[in-house]
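Given as C-alpha cells, the chain that follows is alone and in the form predicted on its own.
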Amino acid sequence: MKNVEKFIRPTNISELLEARAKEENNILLAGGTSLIFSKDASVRTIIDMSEVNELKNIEFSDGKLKLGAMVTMTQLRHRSDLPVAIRNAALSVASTPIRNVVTVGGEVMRGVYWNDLPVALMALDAVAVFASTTGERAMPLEEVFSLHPTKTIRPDEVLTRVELTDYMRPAAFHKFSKTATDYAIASIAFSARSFEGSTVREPKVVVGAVTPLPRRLNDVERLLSEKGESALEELETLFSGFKTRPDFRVSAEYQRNLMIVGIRRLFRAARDGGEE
C-alpha cells in the first residue's frame, strides 16, 4: 500500500460510514493482522475502526446474540455466557497476542481458509449485518461465503455485527492442527435443533480449511437426519470422493479422515453439552 495518502480514524458509526462512502479506494483497518501484508497499490485511504466503540459490544437483545465487528477473539474466549462452540473457535485462533487484536469482522471478511470463527458461526445460522449511509442489510453467513466475502459486500458497506437467533442450540467446534497456534488442517463445527435418543433434528455440519471457504456438508446432514447416530458409521462412503483443498502438510486422504473423525466426535460433544 505504498500509495496511501490518508489515514482516517472515525469515532462513531456515522463517521465511519460517511468515510467509507466518500473516500475512493479506501480500505478498512480492524485488527490489522492481514492488512499489514497487503500490497494493493490502488489503496489511497486507510479507515481505522479502532475508535468506533459501538462495534465492540457483545449484546443479548431482541432475542438475538449480537457480536460487534470489532469484538476480539479474546473477548469471545472469556465470555462464559456465549455458546461453547464460539468460545472454542475463538480460542483456536493463533496465539494470545493475536487473539487480542483479531476481530469478528476480520475473521468473517478476510476469507482465508484457516479462519476458525466463521465455521462455528455458520453452524449456528449466523447472519452478517452490513451497513452503509443508505441503511442496513442482513445476509446469512452461508450466503456471504457463497463467494469470497469481499465479493458479497458493496464498496460503500461495512460489516457492523454478526447476529445469531438460535444461538442456544447444541453445538460443538474443533480445530485440527499440528500445534495449537498453527493454521488449521481442518476446522469442523456441528449443531442440531435437538437430540432425542439416537436421533437428531436439523443437524448442521460445517467444515473449514479442507475447503477454501467454510462449507456446509448437506449430504452428511441429510444422512444424520435420516439415520441419526448410526449414520456416523457410514461417513466413509460420503467422503470417498470429497475434493479437498490441497495442503502441503497432509494428504487428501488424511483430510477426509479428519472430517470423519471430527464429525463423529462433535456429534457426541454437542449431544453431551458442547465440550469434548
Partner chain sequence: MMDISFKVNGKELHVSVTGNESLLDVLRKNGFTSVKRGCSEGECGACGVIVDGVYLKSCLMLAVQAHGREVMTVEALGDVQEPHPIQVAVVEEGAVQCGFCTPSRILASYSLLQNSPNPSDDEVKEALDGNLCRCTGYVKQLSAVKKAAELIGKEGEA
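None of these values were measured; they are calculated from a predicted model. Positions refer to the first chain, counted from 1.
Not pictured, yet referred to below: the form predicted in complex with its partner chain.
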Within 4.5 Å of its partner chain in the model of the complex, do 197, 220 and 233 each have at least one heavy atom? no
Given that the partner is absent here, state which listed stretch (222-230, 29-37, 208-216, 61-69) has heavy atoms within 4.5 Å of its partner chain in the model of the complex. 29-37
Using a 4.5 Å heavy atom cut-off, which residue among 131, 153, 94, 84 comes into contact with its partner chain in the model of the complex? 94
Would residue 46 count as a contact of its partner chain in the model of the complex, using a 4.5 angstroms cut-off between non-hydrogen atoms? yes
Report yes if any heavy atom of residue 101 sits within 4.5 Å of a heavy atom of its partner chain in the model of the complex; otherwise report no. yes
Residue-level question: is residue 167 within 4.5 Å of its partner chain in the model of the complex, judged on heavy atoms? no
Does any part of residue 146 reach within 4.5 Å of its partner chain in the model of the complex? Heavy atoms only, please. no
Is any part of 1-17 within 4.5 angstroms of its partner chain in the model of the complex by a non-hydrogen atom, and which residues would that be? 1, 2, 4, 5, 6, 7, 9
